[in-house]
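What follows is one chain in structure tokens, specifically the form predicted alone.
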């Protein structure tokens, strides 16, 4: 991957600046020509990072259209959730290969627009779902592809992360989550484990998501957090957040598999993505990194704690080829190395001008969970149908 690429970055909050510094600037063949953010301090901090890395000072702007006017090969979109699809579509219209951070959808029409713009322009877009490149997620995918799990029947995952401080102080910290939690009730961050699960189940590549049902608990965690911090008469103690503390979504697939997703971000808890895969011959559970193989571990049925952590012992045999090469080269980047790997895939796709491994059809499908779950919750958990964003191509598209 030696070809020189010129890129621009739109959105330089905590995530955008981190990716710039950790996954972009260390690469000698990537030149940052433009940095853009609505807030001056953020864009100036990004420009300073570019200069410190030994590159010329980039264009610094608040108007994303100035980025798209540059002679760049690709654009990274790392803003808050709301403008993701608008920006991705405008960048594709401008002929720029797009990498877009994960986030919630606000309408199914937005997801369709993403697909239509790609098909109209022929320009590609990749969702930056880093969890698809997690070491254990890829090990399990490798085992599934080798038949170790037999026929996969059910998968679980979610985003289980105590974000009370981040959300409650979102206005002061200029964080997009605050207004979303105040006004919406949905599965607002579905892709972290739906992404890896979609790979396991060949979604959009021989299989597809059919329907979902979502239910939400009450919204109590943020209110209690603010009352404890400010007192019962505090300025925010009376806020009524729409977002339920725990949202559970059940998805049915075309080939009969089920998926359970959980959003749990406003109660005290440990971090977990809850990745779990169950097949006719094996089960994997991320929370305790346990692999249960039929015929090998059945005697531990009632002594499962003795198996906790045993998945590590299978890495030598079933490490995914991506991670085999990665370990030889040396782990880099954030989130235990996942971020670096997803950017490897993105930049190589830009150089080759080939569809991204996580393409617009995946992006539209995975993001649509937010809008669909909002509708289902509003109807007391009624089932809603997924659009087929591939328009039937899922039947013949091949797994990556």
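Residue numbers count along the first chain shown, from 1. All values derive from a computational prediction rather than experimental measurement.
There is another form of the same protein, the form predicted in complex with a further copy of the same chain; it is not shown, and what comes next is about it.
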267, 290 and 380 each touching a further copy of the same chain in the predicted complex (heavy atom, 4.5 Å)
yes
With a 4.5 Å heavy atom cut-off to a further copy of the same chain in the predicted complex, the contacting stretch among 90 to 98, 231 to 239, 293 to 301, 167 to 175 is 293 to 301
Residue 206: heavy atom within 4.5 Å of a further copy of the same chain in the predicted complex?
no
Contact of residue 248 with a further copy of the same chain in the predicted complex (heavy atom, 4.5 Å)
yes
Residue-level question: is residue 257 within 4.5 Å of a further copy of the same chain in the predicted complex, judged on heavy atoms?
yes
Residue 112 versus a further copy of the same chain, in the predicted complex: is there a non-hydrogen atom within 4.5 Å?
no
So which of 151, 319, 86, 119 reaches within 4.5 angstroms of a further copy of the same chain in the predicted complex, heavy atom to heavy atom?
151
Please identify the residue among 202, 78, 276, 243 with any heavy atom within 4.5 Å of a further copy of the same chain in the predicted complex.
276
Can you name the residues of 269 to 285 that have a heavy atom within 4.5 Å of a further copy of the same chain in the predicted complex?
269, 270, 271, 276, 278, 279, 280, 281, 282, 283, 285
